[in-house]
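Below, in structure tokens: the form predicted on its own, a single chain.
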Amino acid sequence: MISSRRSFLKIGLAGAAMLAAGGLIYRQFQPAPQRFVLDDSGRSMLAAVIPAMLGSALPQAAAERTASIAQAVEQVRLAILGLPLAAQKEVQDLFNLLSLAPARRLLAGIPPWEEASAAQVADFLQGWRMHRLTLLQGAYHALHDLIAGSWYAQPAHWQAIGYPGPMKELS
């Protein structure tokens, strides 16, 4: 086959037209963002990550600690549902990624969340916090902000950080 400049340009134009048509078709059939759904694997992930994030802010007694973690998981779920749909989709993608065993092992180095030790989870979080990829740093900060924000949004936890609550004049 003899290649010429003319045939090269024709092939390039045909390829660009096919890509544009594919992009249009993809945009037409792309589903709208869905609301966040916290499934069992997401709950397991949060139940492992919350103690590593909140540390000594959680009660030490086992029963009280378990109840506080369950409450924090629910508060995080509610906080996520308050985000715009596009942000909920991003958080859902992060939760799905961390729930998928090969991805969790590759990106976080964590065994199944139920089997992960507190030290393993803390190491994973610290690794993402200081990672050279800003994408993983962003994922860490998203988890941190969701967990710490929803925890300290509760009036019961304000005293621990010395926050007296909103000014009486404004409420």
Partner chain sequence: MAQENRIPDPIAAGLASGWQVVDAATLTGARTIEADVAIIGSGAGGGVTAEILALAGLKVLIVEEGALKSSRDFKMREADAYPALYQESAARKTRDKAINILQGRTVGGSTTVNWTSSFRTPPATLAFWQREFGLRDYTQEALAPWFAMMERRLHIADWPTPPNTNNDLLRQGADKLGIPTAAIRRNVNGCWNLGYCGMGCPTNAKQSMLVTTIPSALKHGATLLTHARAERLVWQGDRAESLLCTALGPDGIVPTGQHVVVRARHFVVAGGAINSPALLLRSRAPDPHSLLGRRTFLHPTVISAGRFAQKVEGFAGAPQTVYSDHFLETQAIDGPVGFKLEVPPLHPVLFSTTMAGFGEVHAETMRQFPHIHATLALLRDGFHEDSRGGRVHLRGDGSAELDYTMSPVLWDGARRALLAMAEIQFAAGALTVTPVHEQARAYASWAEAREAIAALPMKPMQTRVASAHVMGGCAMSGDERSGVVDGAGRYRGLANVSVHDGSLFPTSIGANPQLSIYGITARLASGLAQQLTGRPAPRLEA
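The model shown is predicted, which means the values in this text are computed figures rather than measured ones. Between two forms, the rigid core is the largest collection of C-alphas that superpose within 1.5 Å. Residue numbers count along the first chain shown, from 1.
Keep in mind that the form predicted together with the partner chain is not shown, yet the notes after this line are about it.
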| item | value |
| --- | --- |
| Contact of Trp113 with the partner chain in the predicted bound form (heavy atom, 4.5 Å) | no |
| Partner contact for Glu90 in the predicted bound form: the partner chain, 4.5 angstroms, heavy atom | yes |
| is_contact(Arg105, the partner chain) in the predicted bound form, heavy atom dist at most 4.5 Å | no |
| Any non-hydrogen atom of Ala101 within 4.5 angstroms of the partner chain in the predicted bound form | no |
| Segment assignment from 66-74, 38-46, 131-139, 105-113: heavy atom within 4.5 Å of the partner chain in the predicted bound form | 131-139 |
| Members of 137-168 lying within 4.5 angstroms of the partner chain, judged by heavy atom, in the predicted bound form | Gln137, Gly138, Tyr140, His141, His144, Asp145, Ala148, Gly149, Tyr152, Ala153, Pro155, Trp158, Ala160, Ile161, Gly162, Tyr163, Pro164, Gly165, Pro166, Met167 |
| Did Gln154 shift 2 Å or more between the shown form and the other one, C-alpha, core superposed | no |
